[in-house]
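So this first bit is one chain, no partners, the form predicted on its own, shown in structure tokens.
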């Protein structure tokens, strides 16, 4: 009889500890205030809805194909992230949202993404559509005239990568300086959420 009570107590303590562990995991990855559903045009010229990716983890970043450094560096880094994720990579989709819709047509985005090994969609739209998504995620960009150059302008933009869970909620933000290891570790936490 005494062993049964001890066994019951140990079982209850184990359940309680597991509950605390589950809660602490949830606290590690709070739902951030940035983000939300949106609709844009993908690099195949089709209408894209963020809600169509429910069930996958999603990485979002803002940039443009003429970007001389931050965007190709980010795409290269994310290609390494996909390789390091191994079998888990099939559960992650990257969205590369252009803040230069005047130059970044769907065809241009598709060609640019073809240089990198990752499961990504290039997204564009009208300036008001893009501005709405930029505001949702707390990102920024600014068109800077360069009248003496052939391009006529450049775009200064934020470089944060936003990680969304399988329900489309923003769970993590990675700064530009985040390493491949840090992004992989964070993504594994996001993928572990149910």
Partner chain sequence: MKKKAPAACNVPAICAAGFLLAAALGAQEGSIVAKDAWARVPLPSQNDIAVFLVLENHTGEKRTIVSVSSDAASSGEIHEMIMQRAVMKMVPVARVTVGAHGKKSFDPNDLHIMLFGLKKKPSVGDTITLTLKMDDGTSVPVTATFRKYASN
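Residue numbers count along the first chain shown, from 1. What you see is a predicted model; the values in this text were computed from it and never measured.
Absent from the display: the form predicted in complex with the partner chain. The rest refers to it.
**Student:** Given that the partner chain is left out here, which of 53, 32, 70, 136 has a heavy atom within 4.5 Å of it in the predicted complex?
**Tutor:** Answer to the contact question: 70.
**Student:** Counting only heavy atoms and a 4.5 Å cutoff, which of 153 to 161, 122 to 130, 36 to 44, 53 to 61 contacts the partner chain in the predicted complex?
**Tutor:** Within 4.5 Å of the partner lies stretch 153 to 161.
**Student:** Even though the partner chain is not shown here, does residue 88 get within 4.5 Å of it in the predicted complex, heavy atoms only?
**Tutor:** The answer is no: residue 88 has no heavy atom within 4.5 Å of the partner chain.
**Student:** If you check in the predicted complex, is residue 112 within 4.5 Å of the partner chain, heavy atoms only?
**Tutor:** Residue 112: yes, in contact with the partner chain in the predicted complex.
**Student:** How about residue 184 - does it come within 4.5 Å of the partner chain in the predicted complex, if we only consider non-hydrogen atoms?
**Tutor:** Residue 184: no contact with the partner chain in the predicted complex.
**Student:** Should residue 172 be counted as a contact of the partner chain in the predicted complex, where contact means heavy atoms within 4.5 Å?
**Tutor:** The answer is no: residue 172 has no heavy atom within 4.5 Å of the partner chain.
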